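Below, in C-alpha cells: the form predicted on its own, a single chain.
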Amino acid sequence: MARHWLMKSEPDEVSIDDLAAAPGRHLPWTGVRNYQARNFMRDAMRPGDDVLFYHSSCAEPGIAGLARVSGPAVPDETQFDPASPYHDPKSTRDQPRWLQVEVELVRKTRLLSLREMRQAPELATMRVLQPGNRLSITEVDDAEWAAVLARLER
C-alpha cells in the first residue's frame, strides 16, 4: 500500500512547473539536509508513494501539484560537489550522509494555499500546519490525503 508524503520545495529552486518541464517529468529530490527528512527517504519512502508537491518560502505557499516517488533513495550527488550550496565536506562516497529520491509529476493542480489549508478543519492534523514544523518532508495520513484531494477538486 502506497504511503503519502508532503514534500516542500522553494519554487525559485524547483517548482511544479520545473518538474512538468523536466525530461520524462522526473527530477531528483536533492538538497535535503535534515536527518529526519533524510530518514523518511531512506527508511519509509518507496517508489509508488504519493506526494503533495508544496511550494514553500514564497509569496503564496501551498500545494501546487501531485507527484509520485519514482525512484528509491540513493546518495544525493550535490553533497559531493564543492560548487553546490548543498555540498557537505564531511560526506564521502563511501559513507554518504545525504540521500535523494526521484519524483515524477502526476499533475499540476490549482494552488491549495497555506491560508486555505489552515481554514480547513479536516486538515488541522497535518504536520505542515503544526507550529514550529520546518521539515521539508512529512508523512500525510489517508484521511488528510483524501481531504486534500477533495479540496483540490473544488
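A residue's number is simply how far along the shown sequence it sits, counting from 1. Computed from a prediction, not measured in an experiment: that's the story for all the values here.
Although not depicted, the form predicted in complex with the DNA is the subject of the following passage.
The shortest heavy atom separation between residue 36 and the DNA in the model of the complex is within 4.5 Å.
When contacts are judged by a 4.5 Å heavy atom cut-off, residue 118 counts as touching the DNA in the model of the complex.
With a 4.5 Å cutoff on heavy atoms, residue 57 counts as touching the DNA in the model of the complex. Shown alone here, residue 90 lies within 4.5 Å of the DNA in the model of the complex, counting heavy atoms only.
Contact with the DNA in the model of the complex, judged by any heavy atom within 4.5 Å, is made by just one of 111, 106, 114, 124: 114.
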